[in-house]
Structures are given as structure tokens and as C-alpha cells.
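Below you will find one chain, with nothing else, as C-alpha cells; this is the form predicted on its own, and questions on how it binds or moves follow later.
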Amino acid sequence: MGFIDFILGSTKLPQPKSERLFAIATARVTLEAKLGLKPTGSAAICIKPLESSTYERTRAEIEDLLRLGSRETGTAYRIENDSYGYMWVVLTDPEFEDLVSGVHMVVGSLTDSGLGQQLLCAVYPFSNGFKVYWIFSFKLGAYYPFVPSREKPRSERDSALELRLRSVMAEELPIEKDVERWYPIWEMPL
């Protein structure tokens, strides 16, 4: 916030820190080689609730963008709202690089439309008999792992495995250092 903003009482919303989003594209190789974790063929972007007129316009813009992109890459998509009113853009494609590009395309479009502050997170699920989610927080500009417990996958997390993932992937991914900011997302449409 600058001096003029301070005097006039206006504030600028922070822009999303999305420049490190692409790190997952190269980290995928290490996840598979060292941990046997393979991409599940899907990814998602979570967007904060919008006013109804903005929501309809934004949804139409995202759908137009994804429709054009899917002609080139074959990436399937759907848009849905969760029980909290958050909009989820879910992408499906067997090519991981196309998923990363699709997520980046949606993020770029929303940022260019002035809605970058509405971006909450991008999620990339991996699997090796169990699910591991790499969540990119746009506010933090960093990833963190989220691993639901195998015994109670809807209510408990495997913190030990999350910490192990951090130690293995610290060289490859920008990982949030404060584990208190590793917020679980229990009801993802993935």
C-alpha cells in the first residue's frame, strides 16, 4: 500500500503469487522416481465465491478459454461449486504437462481479468495405492503436501508422510516452511 492509498483509505488486494506454479512439472519426475507417486490424470483450481453477475461472467470466460484449449490438448474440464460455495475448475488429461498448462492458462486469465485475488489454490493429486495431494497456495506462493490417512481418509491426515514428502521434495518444489499453514482440504472434487 502506497502513501496515496493510505491517505485516501483505499487498499489494493494482493496479487496471487503464481510464478512458482510451474515447479510441479519437473517435480513430477522425482515424485515418480523416488516415491513411486504417479499423477492421477487430473488437477483442479479453487476460486473464492464471487458475486452472482461476476460469477456468471467469469464462468463463461473460463469455459470459453478451456473449450479452445481442449481442442488443442484434448484436456477435459468441468466447473462445479462445493458445499461452501467455492468454484472448482477440474481438468482431466493423461498428459501431466497439459494439466499444468491448463491450470496456468486459467490462472493467467483470471489474473488478467483482475480476479487474481480470488484464486485460492491449485491441486495436483498423485497416487501410489493411496492419494497424495500437492496443494499450491496462491497467497503463500508455495506448495504443501496433504495426505489423508488411509484408516480415516475423510477426517485424519498422515502427517508423518507429509513431513517425509517435504524432506524429499524440498530441493524440487517451493514448499511452505510453516506446517501450521498446511491447510487440509477434505471435500475436493478430485
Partner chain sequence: MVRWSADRGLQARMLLTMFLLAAVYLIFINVIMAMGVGIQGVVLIMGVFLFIQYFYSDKIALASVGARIVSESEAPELHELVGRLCAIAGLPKPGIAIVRTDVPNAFATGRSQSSSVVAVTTGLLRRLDKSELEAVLAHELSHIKNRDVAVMTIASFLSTVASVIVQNIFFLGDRRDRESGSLIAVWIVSLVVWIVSFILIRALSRYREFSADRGSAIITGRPSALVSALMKISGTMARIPKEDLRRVEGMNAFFIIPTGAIANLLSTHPPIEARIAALERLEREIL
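Just so you know, these numbers come straight off a predicted model, no measurement behind them. Positions refer to the first chain, counted from 1.
Not pictured, yet referred to below: the form predicted in complex with the partner chain.
Only one listed stretch (126 to 134, 37 to 45, 160 to 168, 60 to 68) carries heavy atoms within 4.5 Å of the partner chain in the model of the complex, and that stretch is 160 to 168. Contact annotation for residue 121: at least one heavy atom lies within 4.5 Å of the partner chain in the model of the complex.
Taking non-hydrogen atoms only, residue 52 never approaches the partner chain to within 4.5 angstroms in the model of the complex. Within 4.5 Å of any heavy atom of the partner chain in the model of the complex lies no heavy atom of residue 112. Contact between residue 155 and the partner chain in the model of the complex is found at the 4.5 Å heavy atom cutoff. The partner is not shown here, but in the model of the complex the stretch 65 to 89 reaches within 4.5 angstroms of the partner chain through a heavy atom at 82, 84, 86, 88.
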